[in-house]
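Just so you know, structure 1 and structure 2 below are the same protein chain in two forms, each on its own as structure tokens.
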Structure 1
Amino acid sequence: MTSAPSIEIRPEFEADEIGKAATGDVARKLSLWERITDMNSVRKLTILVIVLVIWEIYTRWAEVSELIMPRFSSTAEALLDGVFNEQLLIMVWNSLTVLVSGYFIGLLIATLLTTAATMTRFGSDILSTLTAMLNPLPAIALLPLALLWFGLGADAIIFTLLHSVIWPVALNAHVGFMSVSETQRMVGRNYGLRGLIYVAKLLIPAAFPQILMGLKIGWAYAWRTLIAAELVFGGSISDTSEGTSGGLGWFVFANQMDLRIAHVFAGLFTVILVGVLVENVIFNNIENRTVRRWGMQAR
């Protein structure tokens, strides 16, 4: 017969004082340096400054021609010249006005498609078929058709932007809706949610991280499509009362034709700045006030 295994009884341990317990660094006051480096905006700004310093040092050390790659200091001077002497800010406003119009129209169409796909099987078939057909098609490839149908103007650019916005937004929203658990769906139906109320009060909050990702992708696609379109015919967007013409893409193209390469880089740098500001000021605030506050995403 085998003997029963012996049971080892561990000695009891009791910490008389909290200070004697090996709890580790559970909570302490952060230093000023730790508080500063913990700020997301400070870390991103540091990365940007490092890139700009490397840019300046490389162009000076390698003695790169200004016609190939100007120094950052020259680009900064060109940027200030564009702002104060060449109405660069008005051109940025022209571009953003067209972008916002196309973006919100695209969001409306994507909302209708996604709602139909969520509520009916036929709507789901329509969305999946159109997405498979049109999503791989570059938006800028529709520019010749836009010129034929709408002429040389803002309407043609808006039509091109719609293609950039609709499919990523609709596709991400639909995937988000489909990923909502059946348990949440059953709870919503038990509360009597049906139709559009069911979509608005249950599906959208549950799928909002995926929806927000689609909004970000749609914005990025629309912004770069707008700049590419304006490189071709941005000069058609004019304001005769102010004596200005074109958008930000046209600013880049016109200076490239005049071989003002520092101004070209200043225009491209402005494109980047606008994208960074929209990402960090608008989308990050939405993300912090929704999915992160709801505990649906790690900080």
Structure 2
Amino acid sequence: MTSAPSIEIRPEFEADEIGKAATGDVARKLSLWERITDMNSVRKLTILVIVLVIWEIYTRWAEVSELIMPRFSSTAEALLDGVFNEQLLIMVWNSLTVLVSGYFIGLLIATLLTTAATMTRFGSDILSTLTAMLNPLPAIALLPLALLWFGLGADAIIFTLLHSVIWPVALNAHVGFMSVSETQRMVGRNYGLRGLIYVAKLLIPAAFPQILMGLKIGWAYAWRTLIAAELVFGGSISDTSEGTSGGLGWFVFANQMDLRIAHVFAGLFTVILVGVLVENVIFNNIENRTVRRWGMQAR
């Protein structure tokens, strides 16, 4: 631009009557088809089916050895076989009972630790020192010690599970409490909340995104630790517990030893299924009912 243009002066005008009718649909519902293809579940289900079909066709067409990569159909068969003939469901149940007891005892201990930490600065220092040290320590590395102290059995696994749950849960809850904004704290005190009521009605909801994050991470670690423990020491552990058939990890390991790869796949499928159920159904539901509804999504 060399010379700045000057304003162009034009006559004014005013529209007399704006036909309301002429505007057509101001808001129209989308067609059924548009809405269906917009639905996440439908699109994802389609993709899942496509992937399974490709898997089946590929393994048949390329004649992949069942020892390397079983077909989808053999995997499905193996899954049914496992469920009806090899106590797969009981094994899942075994794993879950150990997992749940470890998880909830862990939560309890974490709650006590966090409470102590929130009350005094000294407690807070102890907790942060311990978590900084022990959170990066994989629980599975403690399994040799646990076996030494508690012998072969569920107790040893529960001990490692406790370790895998306590630190991430306590760490996140503590950080969550510490970062509740000063304004919110003052509001709570202003309305006369004290002591436990203050914690339950103000601190916990305000720190809930962070707490939930801790619960999720704790679950993820525990789930991984359990499967690993069962893989590593599953045989020996299950031998001792009278007549039961070991856990899900053991199912995978034992079948791999016997080179029944379709069964290994079936076992992995079950692992995925349990994981997806917990993460995408249970935790997502909690999330939808709490933090998402309150519009305070955790990062």
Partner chain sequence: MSKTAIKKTASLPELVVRPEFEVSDLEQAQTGEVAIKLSWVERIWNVDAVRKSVILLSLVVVWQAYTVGFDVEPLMLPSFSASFATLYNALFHGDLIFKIWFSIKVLIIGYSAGLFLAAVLILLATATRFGSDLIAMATAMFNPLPAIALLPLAMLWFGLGTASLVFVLIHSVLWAVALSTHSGFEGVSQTLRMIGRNYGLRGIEYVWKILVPAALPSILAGMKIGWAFAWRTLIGAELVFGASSGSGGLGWYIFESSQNIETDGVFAGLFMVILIGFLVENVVFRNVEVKTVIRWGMQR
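Think of the rigid core as the biggest set of C-alphas that the two forms share within 1.5 Å after superposition. Numbers given to residues start at 1 and step along the sequence of structure 1. Please read all numbers here as calculations on a predicted model, not as lab measurements.
Here the chain taken from the form predicted alone appears as structure 1, while structure 2 comes from elsewhere. Comparing the forms between the two structures on their rigid core, the Cα displacement of residue 71 reaches 2 Å or more. Once both forms are overlaid on the rigid core, the distance between the two CA positions of residue 52 between the two structures is 2 angstroms or more. Comparing the forms between the two structures, the C-alpha position of residue 258 differs by less than 2 angstroms, with the core used for superposition.
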